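In structure tokens, the next block holds one chain alone, the form predicted on its own.
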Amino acid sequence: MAKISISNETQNLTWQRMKRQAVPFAYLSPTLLLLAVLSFIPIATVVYYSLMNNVIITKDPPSFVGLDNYVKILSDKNFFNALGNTLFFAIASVIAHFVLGLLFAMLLNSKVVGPVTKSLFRVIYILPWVFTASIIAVLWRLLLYPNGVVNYFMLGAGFSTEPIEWLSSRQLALPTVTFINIWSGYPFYMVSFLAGLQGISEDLYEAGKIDGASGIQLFRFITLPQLKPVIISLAMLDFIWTTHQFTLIWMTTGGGPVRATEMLSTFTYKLAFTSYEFSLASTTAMLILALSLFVGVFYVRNQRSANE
């Protein structure tokens, strides 16, 4: 009887322990269910479509083709054109965001600039972050029209003898949309860097000055190392966000002229809703997901190492 009593107590303790461990999952269950509906199920569906042919809008029944869609996409020169444009767009944007964001953050954190001037600059510098991508696209299209404000000042200042087709030229369209994305995205870096700079102890700079360090040395050996976690996190997030940019490209150039600004996002959209090649569009989406996951792994590792 004693053994049975001990066994029952052990079972009760085990059951209570399991109940306590299940409580957090019970609280998380609505979120997990929402993630499953909005993320996991759509991703699984796209994976399924990428391995099939004749899906969604088709007279013929779907058929399994395995990796044929991946072979077809990876042998398509238009895909690699879009990939190259996307990498140029993303890498140039991330570098410029970092440089501009850090410069403006250091300016706003400097003691040389007065408090009133700082407040005014903060309002001016943060304005691009306030606008949505659609508003930014419409605004810059108006500014960059052949008879727009930019060309008016270019002609008036003598920098050009005729109106420049900023968004219609194969040579200028990609750098132009990259510039627009840089202009719209640097405030996020600026605000993040400003918060990081304000969190650096003044004692570190005082100790460096006592040791005879110059301004450049203070920046190199104190400012940059202290901002390193912020820099890595921002760069990785910005790269992922920029590679997914669609609205700005679609509303300014639509991927043209002649695919000069074609990105992976617009390439996928056209496959799905212009050519109705949903299987190939799903395949491209999976390749974009793989690229994002590759960067995301490094982001998660960086976050874990920073927390440790």
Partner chain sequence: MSKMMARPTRTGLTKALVFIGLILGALFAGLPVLWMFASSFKSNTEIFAYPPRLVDSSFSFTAYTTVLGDPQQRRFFFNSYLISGLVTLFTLIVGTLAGYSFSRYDFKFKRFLNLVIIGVQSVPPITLMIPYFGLIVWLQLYNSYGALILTYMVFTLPYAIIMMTGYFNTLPRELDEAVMIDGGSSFVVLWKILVPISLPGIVSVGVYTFMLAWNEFLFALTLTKTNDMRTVPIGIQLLMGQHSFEWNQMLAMSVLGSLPVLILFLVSQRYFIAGMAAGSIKG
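Residue numbers count along the first chain shown, from 1. Quick caveat, the model's predicted, so the values are computed rather than measured.
Form predicted together with its partner chain: not shown, discussed below.
- From the list 67 to 75, 176 to 184, 218 to 226, 82 to 90, the contact stretch for its partner chain in the predicted complex under a 4.5 Å heavy atom rule is 176 to 184.
- Contact check for residue 31: a non-hydrogen atom falls within 4.5 Å of its partner chain in the predicted complex.
- Among residues of the shown chain, residue 128 is one whose heavy atoms approach its partner chain to within 4.5 Å in the predicted complex.
- Remark: residue 18 does not count among the residues lining its partner chain in the predicted complex, judged by a heavy atom distance of 4.5 Å or less.
- For residue 160, no non-hydrogen atom is located within 4.5 Å of its partner chain in the predicted complex, even though that partner is not displayed.
- Taking the partner from elsewhere, no residue among 94, 200 and 205 has a non-hydrogen atom within 4.5 angstroms of its partner chain in the predicted complex.
- Contacts between stretch 235 to 273 and its partner chain, counted in the predicted complex as any heavy atom lying within 4.5 Å, involve 240, 241, 244, 246, 247, 250, 251, 265, 268, 269, 272, 273, listed in sequence order.
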